[in-house]
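Listed next as structure tokens is one chain, alone, in the form predicted alone.
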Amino acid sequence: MPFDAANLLPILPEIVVAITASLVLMVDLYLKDKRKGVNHALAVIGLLVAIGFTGAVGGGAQELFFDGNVVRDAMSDLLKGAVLVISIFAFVYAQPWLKDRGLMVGEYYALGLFAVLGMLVMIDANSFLTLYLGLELLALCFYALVAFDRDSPTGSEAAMKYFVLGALGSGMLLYGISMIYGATGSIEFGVVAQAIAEQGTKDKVLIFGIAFLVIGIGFKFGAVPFHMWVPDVYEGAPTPVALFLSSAPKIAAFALAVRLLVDAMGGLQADWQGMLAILAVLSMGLGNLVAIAQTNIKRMMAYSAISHVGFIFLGLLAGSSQGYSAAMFYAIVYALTTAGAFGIMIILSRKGFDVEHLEDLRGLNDRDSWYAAMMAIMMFSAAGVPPTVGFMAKLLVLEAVVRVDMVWLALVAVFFSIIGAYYYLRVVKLMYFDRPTTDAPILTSGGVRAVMSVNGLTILFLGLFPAALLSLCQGAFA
């Protein structure tokens, strides 16, 4: 096929991120230790430019490029923008932590940018091959990032667990893809969907393929019973990596699920709907119940993440455009909320001390009332308390499930959400009603404080005025 420059238009954000990552690696060779902040500036500027290109090339009807392997549609425009914005937050929050520990090196930013590139490729994918390439690029970068602090034995252990179980999840996904390819003769989602529409469930290989796909998706999301890597990785990883891992990749995982289950396997919804229902109930139940027993805040956030995955699955299994848009809204809101919560943990950390236990948040209001207010907003949003956007996200998902006559699932979700509110409100209680355990000053730059303010106030603003984001999510599945 002759080269057509127009094919490059939809992937301009990916090209910018790839160039930025390569530039960081090259420039870092010539930087002295005192000038390592240039890496940070390059990474943030590159992501801002990528956001600009995402807006410039977005909009309009769905378009296919590169022989149908890449798609640009309303969903990819919104999700790419969300991933890029949250990645900027992750880099800004990480800077003081890395600087304190002498870890502000080009490799961190290069790996982070290549991970972002993997997410963008996953979101753009219109074939199994493109999707898998993006997924593996993302996973390989995070395996290295989790073990980035070489002096941390828990980090090395967490990276090994993540690598082994991540490889297992990727293998399951690849096995399912091979079965579907064998049954349909194509790796392009549109052709697969057409073949399924013609032959239905006559070919049992397809059903086995879907089972392995759902297992692979469960591993990547960290859903029960494929969650065993999540708490250990969140606890062992450096806090900035835990922030990055817990936020933006959830949006990419949502894109993975939609591309596989809706775009390619929409004709077999009755078969994967039941599987997702089981994963959703188990994730909400175990995630919320086990989180109550945690004293390590990173492990608590890990089990919290598992419970939120259950809610995202509820929107997907509804099988309606309303359900898909509610799940997308939930994934974006969750990523924004968890980025802010981990951001506060990074801000409160200092050289030789990391915020890892709930006790470390005692009396935060006495030390810095603004950061306490921001953390309270994150916790209220995660618990689904109005007027934060977390309440609206839960409400939209529950409404979508009720609309398809699965009232029992909605009742289960409400029950476990009430249980989950306990451990979020416990954090608020520690910050506002307990005495601080230290009087060490909280040293942060004005830039970090400004970004945290934007993060927290956005969650409050979207809770009061959710229509802007919700209309974009609904437009993606119109």
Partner chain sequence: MESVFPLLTLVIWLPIFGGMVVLASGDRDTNLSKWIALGIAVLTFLVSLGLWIGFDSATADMQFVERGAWIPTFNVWYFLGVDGISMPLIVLTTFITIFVMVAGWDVITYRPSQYMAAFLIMEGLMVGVFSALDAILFYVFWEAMLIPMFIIIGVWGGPNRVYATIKFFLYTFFGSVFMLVALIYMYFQADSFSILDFHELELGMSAQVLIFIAFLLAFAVKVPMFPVHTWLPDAHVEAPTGGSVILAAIMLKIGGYGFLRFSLPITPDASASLDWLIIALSLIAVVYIGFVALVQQDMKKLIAYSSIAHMGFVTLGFFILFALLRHSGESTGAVMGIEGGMVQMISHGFISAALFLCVGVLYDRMHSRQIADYGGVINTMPWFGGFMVFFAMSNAGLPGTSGFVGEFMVILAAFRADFWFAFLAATTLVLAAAFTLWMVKRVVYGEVKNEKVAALADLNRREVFNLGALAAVVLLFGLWPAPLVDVMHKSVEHLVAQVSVCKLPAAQAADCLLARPAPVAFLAP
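Just so you know, these numbers come straight off a predicted model, no measurement behind them. Residue numbers count along the first chain shown, from 1.
Separately, the form predicted in complex with the partner chain exists; it is not shown, and the next lines address it.
- Looking at V414, V38, I45, L64, which has any heavy atom no more than 4.5 Å from the partner chain in the predicted bound form? None of the other options qualify; the answer is V414.
- Message: Just to confirm, with a 4.5 Å cut-off on non-hydrogen atoms, which of D100, D366, D271, E359 contacts the partner chain in the predicted bound form?
- Response: Flagged contact: D366.
- Query: Closest heavy atom of V448 to the partner chain in the predicted bound form, within 4.5 Å or not?
  - Reply: No, V448 sits far enough from the partner chain in the predicted bound form that none of its heavy atoms falls within 4.5 Å.
- Message: If we define contact as a non-hydrogen atom of the residue within 4.5 angstroms of the partner, is I442 a contact of the partner chain in the predicted bound form?
- Response: Contact with the partner chain, no.
- Query: Wondering, does F391 line up within 4.5 Å of the partner chain in the predicted bound form on heavy atoms?
  - Reply: Residue-level check for F391: yes, a contact with the partner chain.
- Query: With a 4.5 Å heavy atom cut-off, would you call R435 a contact of the partner chain in the predicted bound form?
  - Reply: It does: once the partner chain is placed as it appears in the predicted bound form, R435 has a heavy atom within 4.5 Å of it.
- Look at the stretches 448-456, 53-61, 26-34, 425-433 and give the one with heavy atoms within 4.5 Å of the partner chain in the predicted bound form. Selected range: 425-433.
- Message: So, a 4.5 angstroms cut-off on heavy atom distances: do all three of A139, G155 and E235 pass it with respect to the partner chain in the predicted bound form?
- Response: Checked in the predicted bound form: no contact with the partner chain for any of the three.
- Any residue of 391-406 with a heavy atom within 4.5 Å of the partner chain in the predicted bound form counts; write them all down in order. Stretch hits, in order: F391, M392, L395, L396, L398, E399, V402, R403.
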